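Next up: a single chain in structure tokens, the form predicted alone.
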Amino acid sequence: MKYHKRVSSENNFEQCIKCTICTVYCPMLEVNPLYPGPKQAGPDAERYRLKDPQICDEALKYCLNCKRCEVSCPSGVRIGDIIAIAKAKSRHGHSVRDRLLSGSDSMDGVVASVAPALNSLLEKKSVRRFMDRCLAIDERRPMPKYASERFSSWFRKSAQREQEGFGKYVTYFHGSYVNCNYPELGKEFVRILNAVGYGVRLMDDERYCGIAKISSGLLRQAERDAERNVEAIRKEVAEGRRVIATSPSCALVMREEYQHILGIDNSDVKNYISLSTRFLYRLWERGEIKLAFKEDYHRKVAYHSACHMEKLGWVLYSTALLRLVPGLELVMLPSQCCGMAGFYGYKKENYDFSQAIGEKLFERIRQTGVDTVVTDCETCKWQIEMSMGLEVMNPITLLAEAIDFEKTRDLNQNK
């Protein structure tokens, strides 16, 4: 397996200077005394793992893969990637739960056809109790709702023909969240891009980004999906299109983890993979698009900077784009992990840690007095909605709500 050979050189544990800054920024250490911290679980333990690859550290399972250790590291050590590879090596088989939670790509067609019934079933206390007892999916955690029509199906049926005739195009990487759970976000993205003069394409052979499989240690399966995605992205880039995601986790895994964890060389295309808010703001900043907003639009929202947005360094693009909305009062929340970390917070053994990590963020949100939170990350949205009952929206959703589409189309047609 490719990823068994590369940790010492490409993930550069030798550069760790043992400063322990990463331990200060680790959200898990504050709530779980069983976790030794990123320095010990990552670079320190890697020296032993290189001598004996079979060394298994039970504490590795507590890592959230939030990447805050990597953001804080002054030496640029890819601590989270070291731990992710070590976690995958230490596993002996994978549970039914982990395969179910990370295998939505193999079931999404079936799920869409029975979505109303499935959603109703998953709300039943008896079913959630069964999942808790038999699958170790915590019954206190509501499952995300499934859409009755996949975004990709809607696009090909209702929007693909309308994309003809634009002079400029992007390719949209929708991912599993938009495709299975919240196709409205994808529809809003298409509508905004069309209004500023861009047509939208979908990749012919998109596989889901693989972050759930990587987190569950299913690296072989993730590698197969990643190889197909990289080849598909190469075709899009060769035809002059950038690949744009609305999920920062998808952008992060495709840009960084494909290479650092799965060993797939994506160096020729990684810089053509971007995030919706980054792409739009840079177009606006260069004067290539214009945006018009509703005159009577008013909202007060709090912005939560997701961990993977901070790892990418792209928080400033989302917040700068939001600040263009004249009637928006934007409250910046302190940088804190929400504790969800994808499906991490669904697992019974992690639920209490997940909620304990998130409580600091929840308290900050309460202090703002807002009833709406904006964040780029879909699983941060789930955590805040499930834990606080507040409305949580993606920046693209807020823009779609605030933009005057008729005026915006007119402005960009006249450019």
Partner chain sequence: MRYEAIIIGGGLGGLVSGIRLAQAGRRVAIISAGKSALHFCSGSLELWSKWREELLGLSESHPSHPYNIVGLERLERYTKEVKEMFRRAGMSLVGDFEKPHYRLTPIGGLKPAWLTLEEYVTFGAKSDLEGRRVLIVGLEGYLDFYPEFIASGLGRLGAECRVEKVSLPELERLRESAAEMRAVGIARQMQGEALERLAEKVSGLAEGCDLVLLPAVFGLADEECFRRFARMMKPAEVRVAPTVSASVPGVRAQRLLSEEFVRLGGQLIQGDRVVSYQLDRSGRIESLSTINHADILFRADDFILATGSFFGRGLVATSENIVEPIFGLDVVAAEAREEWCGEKILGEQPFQRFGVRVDGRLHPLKGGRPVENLYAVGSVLAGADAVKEGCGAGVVISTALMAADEILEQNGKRKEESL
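Predicted model, so just to flag it, every value in this text is computed and none were measured. Positions refer to the first chain, counted from 1.
As for the form predicted in complex with the partner chain, it is not shown, yet the points below apply to it.
The partner chain is not drawn, but in the model of the complex it has a heavy atom within 4.5 Å of Gln40.
Contact annotation: Cys73 falls within 4.5 Å of the partner chain in the model of the complex, judged by heavy atom distances. Under a 4.5 angstroms non-hydrogen atom cutoff, the partner chain in the model of the complex lacks Met388 among its neighbouring residues. Interface residue remark: Gly167 is not counted as part of the site for the partner chain in the model of the complex, having no heavy atom within 4.5 Å. With the partner chain omitted here, the record of contacts in the model of the complex names 279-287 of 294-302, 279-287, 198-206, 148-156, defined by a heavy atom within 4.5 Å. Contact annotation: of the candidates Val31, Val370, Ala45, Leu60, the single residue with a non-hydrogen atom within 4.5 angstroms of the partner chain in the model of the complex is Val31. Contacts between 299-313 and the partner chain, taken as any heavy atom within 4.5 Å in the model of the complex, involve Glu310, Lys311, Leu312, Gly313.
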